[in-house]
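The chain below stands alone and is given as structure tokens, in the form predicted on its own.
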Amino acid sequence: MGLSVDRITINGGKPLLGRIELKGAKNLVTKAMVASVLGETPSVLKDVPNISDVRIVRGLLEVHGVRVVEGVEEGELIFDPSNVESAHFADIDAHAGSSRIPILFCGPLLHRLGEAFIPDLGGCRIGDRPIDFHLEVLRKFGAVVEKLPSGIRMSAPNGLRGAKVELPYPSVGATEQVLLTAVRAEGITELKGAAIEPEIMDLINILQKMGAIITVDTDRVIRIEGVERLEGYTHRALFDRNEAASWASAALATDGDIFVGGARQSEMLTFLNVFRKVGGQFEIHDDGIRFWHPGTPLNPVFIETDVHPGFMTDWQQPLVVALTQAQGVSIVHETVYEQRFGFVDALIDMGAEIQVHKDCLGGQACRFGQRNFNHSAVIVGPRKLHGADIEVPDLRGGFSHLIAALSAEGPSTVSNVGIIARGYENFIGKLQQLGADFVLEG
């Protein structure tokens, strides 16, 4: 089910206390669902979160003839791709919504059907995420790309062949595109400058289970030897480290204490170091990580986002809310997405002291330097936040606004909260579990 409310009124100033449980990562699960198209037999994916992005991909699979059923275990989905078929632009567009997932269907569908269609693509408005590079990659494999008024049609009249691809930046989406296309392409594919995020490595685990031959070198080079046939997989998805960091930041910002069930230390290492520098406390357990505010003043920090193993861009927005309460000046330099500080306008309205800059305020210049992007932020604290009316702009920014409302004095009304359901399963229920004081509105 989707989120049936559009607004939530939060009475802030109450610590979040309790335990919540994580399921699989949004950034892995949706790609694993696409990978099922490559198999000749059914696949089973476990710990699938009930989020809108998953429902979008399920709809896209079903319009392409993949039978999707729920398994016996909660969060288990079974995909039967034996009757994969072409779908019309209109059907794809109707199910895709604002998702960019359709572009990743192209390689698997070209292998299975010899053709693929994609409509215009959407996504969160956090920066330029063009599909041109995806299309160029597919051309390297031998795809013929036709741009039509209704979208893009692709065909592979001579099949797909291995290729040499070098990414100008370690893009997660482009790396996924190469992996999903190369595993059944004839010959060897060499990908230089690949993204190596844990979600990418878990996708590689899935593809290897299916019969793929993939080698990952230490210098961001991935080599894929194409195979003629892939089988289905059975896999339990990697936990959602972005959601884990979001709840950890919520604990810090609200003077709370939250046990995040399912979180693991190894994938959170960089975040945990920064969390400790800020002054937050945590304990590692076999079944999760406990995060809490120790009751002492928080410390300002310098953060520079980067691709893995650096500090994730999806981690900075929730943590910025906590940094408004740190004693001193914190600096956040965003190097992954150029438009990721739009969410701070609402924080400023709530009493935060934040300045955004076009200059690189990090340790080194980044690819957004000397360009017209506000990609650095200076946060001065502590500043008491007060309630306000807020409209959610994007997924991570929206959850950050929830955190701000929860930590502020007085009531706040947060609208357009359906966006948050794209990546946070049952966040309303989790807020209830943690003792938040709020009222839902239609």
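Here the structure is a predicted model, which is why all the values come from computation and not from measurement. Residue numbers run from 1 along the displayed sequence.
Below, we turn to the form predicted in complex with a small molecule, even though it does not appear here.
- Exactly one listed residue, out of M312, I303, I152, V278, brings a non-hydrogen atom to within 4.5 Å of the small molecule in the predicted bound form: M312.
- For the options H285, R139, K192, R367, the one in contact with the small molecule in the predicted bound form, meaning a heavy atom within 4.5 Å, is R367.
- The chain is drawn here without the small molecule; in the predicted bound form, the stretch among 390 to 398, 405 to 413, 373 to 381, 43 to 51 whose residues come within 4.5 Å of it by any heavy atom is 390 to 398.
- The small molecule is not drawn, but in the predicted bound form it has no heavy atom within 4.5 Å of G362.
- Although the partner is absent here, S171 sits close enough that one of its heavy atoms falls within 4.5 Å of the small molecule in the predicted bound form.
- Using a 4.5 Å cutoff between non-hydrogen atoms, S330 does not count as a contact of the small molecule in the predicted bound form.
- In the predicted bound form, Y337 approaches the small molecule with a heavy atom inside 4.5 Å.
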